Every structure is written in structure tokens, then in C-alpha cells.
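Read on for two forms of one protein chain; each stands alone as C-alpha cells, with the labels structure 1 and structure 2.
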Structure 1
Amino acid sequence: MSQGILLFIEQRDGVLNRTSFEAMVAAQGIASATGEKLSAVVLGKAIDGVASEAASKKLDAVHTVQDDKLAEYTPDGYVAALKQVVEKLDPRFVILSHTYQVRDFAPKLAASLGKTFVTDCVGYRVEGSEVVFTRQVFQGKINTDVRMVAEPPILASFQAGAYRADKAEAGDSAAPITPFEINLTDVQIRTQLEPKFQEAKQAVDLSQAPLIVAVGRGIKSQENIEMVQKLVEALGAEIAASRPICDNEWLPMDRQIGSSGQTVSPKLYLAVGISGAIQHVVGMKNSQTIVAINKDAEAPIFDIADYGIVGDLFDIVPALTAEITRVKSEGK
């Protein structure tokens, strides 16, 4: 019978991904509510440092899986290795963080095991021995509670920011680290990797800007960006954008805020016509003061905004520009 909980610890170049500690908070909570033991697994080549960092947390065991074929991440290597680990340990739950790497292999892992995988969860509830997961649909506009009907192991990934990494409980003593024997000799790695890179140095570094006005799809067309530009000038701010604006090339890529763009924490972040999808929010949620202008009072951006104006941005932005210009010309 399936027993225990297995937490996947992600590392890259021997550095532990902090979001694994976020997922650990959920894993520790589920373990204590269900009375299950919690172990962690780290894959790679030179991963002793990552394993001991993980072992400092409240865990019953840390399994290390080392193999030349795991020196660099590939979906084939990770699926093959974790399949062996999960089949051998037969845990009730495999908990992961919903990172780009996990998105790249975990659905295949679940399929190769013939198991169910509930992705991008923001919470959970323990009911007796069952766990019901909460996940968002429609880019955060609606929540759903999801009940598992498949047999364990159940795979579950948690959204970045759903839990705080610093809330991962430390252990009384270091958890035992044990090498886990797997056999990858017959596994063929079909992906050939080239070095990772960043696009030509970003022209603008928005992380230093004290005032940012960010524009989203609510702006409707490229011509309308100019209206926002006027507000930006009146404020003496920098302009930034959500992904669709950069996808459409209405503003250059280096103005994009979010998980695949820049991360900023200005004094003022003014979001104009941005819905507040998680991939945007991770890039700006630590801003000191967040203002949102959106015609939809239910938009998720209002979950993190300090001030909100519900209404048509085409009326509000010009009014705001006029007011700021007026106030500034009166000389503070």
C-alpha cells in the first residue's frame, strides 16, 4: 500500500530552487495532517550541497539520485529516474513546485506511471485520509476544489508564491541523506542541450525605477499606448507591460514584467488594464504601493492592489494625467 509523501527538490547547477521550500510548506502540512512520513528527493550529479541544505529541514529522509545522465536536466533523464524512485518508494503523494522545469517533465512522469497529476495548486484541505486540492482556473479568476479519484501515488504541484519559503519548518536534527540506486543504462536521452543564455543585455533595468506604470491588454491597440505614455511622462515614471503587449510588439520585450520578464519592486506600481495573472504578479507583488485601474471589479489584480479604481481606463488615465500635471505645476 502506498505510504508517505515524497517532495521533489529542484536544483540547477548545484543551487537549490527556493520554490522547492514553498512546496515543502505544503508537503509538511499534508504530512502532519495525515500522519505520513515526508521524504525529499534530489536529482543531479554534484548535489551534496543541495541535499544537505534540504536535510536541515523537518524531513524524515533525503534521497539523492546521482547519475551522469542527470548532470544536466533533460525530460528523458528526469522522467526515467523519478519513475524508478516513485515505483520503489510508492508514496501516497509526490509534491512538486510548479516551475518551468516541473512543467517540462512532470506530466510525462505522471503519464509514464499511469497516475494523476494535479497542477498549479494554491492550497489543499485534508479530509480524513484524503486531500482535496485547490487550483485556479481562468488565470486566477475562479478557484476549484479538486478531489482525487485515481489510485495513489498522486502527483501535485504548487504555484510559486502559494506558500512562503521561510515558513518551511527546520528539523531538530539533520535528516538522514541516503543515495538512491537507480539504473539508467538503457535510458536514451533524446534532448541535446545548448548552453543557457539571456538575450542581449536588457536596454532598461526596471528594477531600479521608483515609479512604474504598467500597461496590459485592456489598452486594446498600439495607438492607445501613447495615452499611457503621457501619464508616464507626467509622473516621471518608467513604462512597463504585461506579456501580451510585448507579444504583440507594442512595447519591446525588455519592458515585460513577470515570471519570464523582469522582477520589480518600485515605490509605486500602477497597473492599467492588467488582469493580474500569477505569471505577471510574481514579477511585481513586492512593490511598495500597488494601484490598479480595471473595468472588472473581480479582476485578480485587486487581490494585491492597495488602491483600486474600477472603471474604463480610457476615461481614468487622461483624468489622472491631468490631475498629476496640475498638482506638479502648482509646485508641490
Structure 2
Amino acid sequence: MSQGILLFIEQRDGVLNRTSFEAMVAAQGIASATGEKLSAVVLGKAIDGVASEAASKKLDAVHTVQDDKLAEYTPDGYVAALKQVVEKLDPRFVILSHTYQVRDFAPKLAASLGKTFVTDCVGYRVEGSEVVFTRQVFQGKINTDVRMVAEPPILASFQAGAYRADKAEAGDSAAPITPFEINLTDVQIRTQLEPKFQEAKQAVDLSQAPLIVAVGRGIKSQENIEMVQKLVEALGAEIAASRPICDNEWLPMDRQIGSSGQTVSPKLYLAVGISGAIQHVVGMKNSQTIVAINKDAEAPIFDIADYGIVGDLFDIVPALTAEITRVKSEGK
């Protein structure tokens, strides 16, 4: 009988993807509510550091799978490895963060196992022994409950920003780390690796940024973005944008936040001239602190902002930049 929960820990070049800790919050909650054991699995090569970082959290075990064919991510390698892990451990749930990598391999993994995959969840609740997952539809306008009637294991991925990574519960002691033996001898890696997304010119993974300044159509023209860029540099943040800015090619598409862009949950999200359309809000609403600057006091962005400044951004942004620069120069 399937039991327990298996959490996939994503890493790249020996660096743990923080969204794995976001998914861990959900996995820990489910484990606590159902009384099931929670273990994690890390794939790759030279991943001892990642495994140790994961083991510092409240887990019953961390399984490491190391092989030359896993040194670089490929869907063929990851699916072959995880299929063997899942079949041997036979968990009730396999929990993943809904990253680009997971979107690439997890559907194939689910198909190879003949199991159900519930994607892009934003929450869950436990009713007795049943776990009900919550997904958003119609660009985040409606939440839907998903109940499973299929046999486990059930694969479920959680949207980036659905939970805060810093809420992952630490363990009283380090979880045991155990190597997991698999056989990839007959596995053919058919993927020809291309340059990684984050290494492309100007590309950035905003889901990893702790501070984000996002600009909307209130900026009026591309020339005015330079003013916001000075604020970004003063804060040591990343610049982002709503869809109209990227559609007009004022900023690259990889800077877009929202339902058709990236989903983020930084410590600080400063929205400059953004009205707060639902398509944008679904990509940033789980930020730890949201500050909005908009001259329209009725703008929807203020409904989710922790702090709001009603006024002309062309007056406020330069003043804010000057004050931050002054404070930093004084070493405060």
C-alpha cells in the first residue's frame, strides 16, 4: 500500500532552487495533517551540499541519486531515475515545485508511471485522510478543488510563490542522507543541450530575486524607465514589468510578471505605476511585502498592497531613490 510523501528537490550546478523549499512547506503541512513520513530526493552529480541543505529541514530522510547521466539536466535522465525511485519507495504523493524544469519532465514521468499529475497548485486542504488540491483557472479568477479518485502515487506541483520558502520548518536534527541505487545503463539520453535560459543575454530568473521593482504603463514612455532603473540600482533589486511594458518592447519579455510571465514571491515587491490587473496580480500576490505607487487611489493594486503611496510616480520615485542613496551613503 502506498504511503508517505516524496518531495523533489531541484538543483542546478550544485545550487538548490529556493522554490523547492516553497513546495516543502506544502509537503510538510500535508505530512503533518496526515501523519505520513516525508522524504526528499535530489538528483545530479556532486550534490552533497544540496542534500545537506535539504537535510537541515524537517524531513524523515533525504535520498541522493548520483550518476554521470544526471550531471546535466535532461528529461530522459530525470524521468528514468525518478521512475525507479518512485516505484521502489511507492509514496502516496510526489510533491514538486512548478518550475520550468518540472514542467519539462514531470508530464513524461507521470505518463511513464501511468499516474495522475495535478499541476500548478496554489494550496491544499486535508479532509480526513483525503488531500484536496487547489488550482486556479481563468487566469487566477477562480479557484477549483481537485479530488483524486486514481490510485497513488499522485504527482502534484505547486506554483512558485504559493508558499514562502522561509516558512519551511527546520528539523531538530539533520535528516539522514542515503544514496539511492539506480541503474541508468540502458537509458538513452536523446536531448541535445542548448544554452541554459538564465545564461542567455539579459535573461534572469526573477523567482530567485529577493527584491523586485516592477514598472507598469503608468511610466508612460520607454525613456522614463531609466528613472526607475536608478531606484532599482539604489535598492540592489531586479527590474520587472507588467505585460504592456514587455509587449511594447520597453523591457525584455523575460522581465514580465504575471499569468503569461514569471511568478515571483520576493521579500519586497515595489509596484510602480501598475494598476493591478488580475493577470499581473497572480504572478506576484504572494510576495512577502508589497508596496504600490499609483496616482489612482482606486487602483486594484492597493487591495493587495501592504503599503500604498497615492501620488505621481514621477515625483515619488526620484525622491525615494535620493533618500535610499542618502541612507546607504551614511551607512545606516
Partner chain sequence: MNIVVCLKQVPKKDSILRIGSDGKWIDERDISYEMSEADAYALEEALRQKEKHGGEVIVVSLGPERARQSIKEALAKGADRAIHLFDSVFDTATDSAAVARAISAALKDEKYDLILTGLQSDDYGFAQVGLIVAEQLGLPSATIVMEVQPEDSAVRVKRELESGWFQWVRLPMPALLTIQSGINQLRYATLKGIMAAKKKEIREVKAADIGLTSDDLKPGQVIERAYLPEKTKRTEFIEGKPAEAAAKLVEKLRFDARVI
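What we label the rigid core is the largest C-alpha set whose atoms superpose within 1.5 Å from one form to the other. In this text the structure is predicted, and so the values were computed from the model without any measurement. For numbering, take structure 1's sequence and count from 1.
Peer 1: Since only one of the two is the form predicted together with its partner chain, can you say which one?
Peer 2: That would be structure 1, which is the form predicted together with its partner chain.
Peer 1: Superpose on the rigid core, then tell me if the C-alpha of K167 is displaced by 2 angstroms or more between structure 1 and structure 2.
Peer 2: K167: C-alpha displaced by less than 2 Å between structure 1 and structure 2.
Peer 1: Could you check, with the core superposed, whether the Cα atom of G77 shifts 2 Å or more between structure 1 and structure 2?
Peer 2: False for G77: its C-alpha shift is below 2 Å.
Peer 1: Superposing on the rigid core, is the Cα displacement of G14 between structure 1 and structure 2 2 Å or more?
Peer 2: No, shifts by less than 2 Å.
Peer 1: Taking the rigid core as the frame of reference, how far in Å is the Cα of I304 displaced between structure 1 and structure 2?
Peer 2: Displacement of the alpha carbon, after core fit: 3.4 Å.
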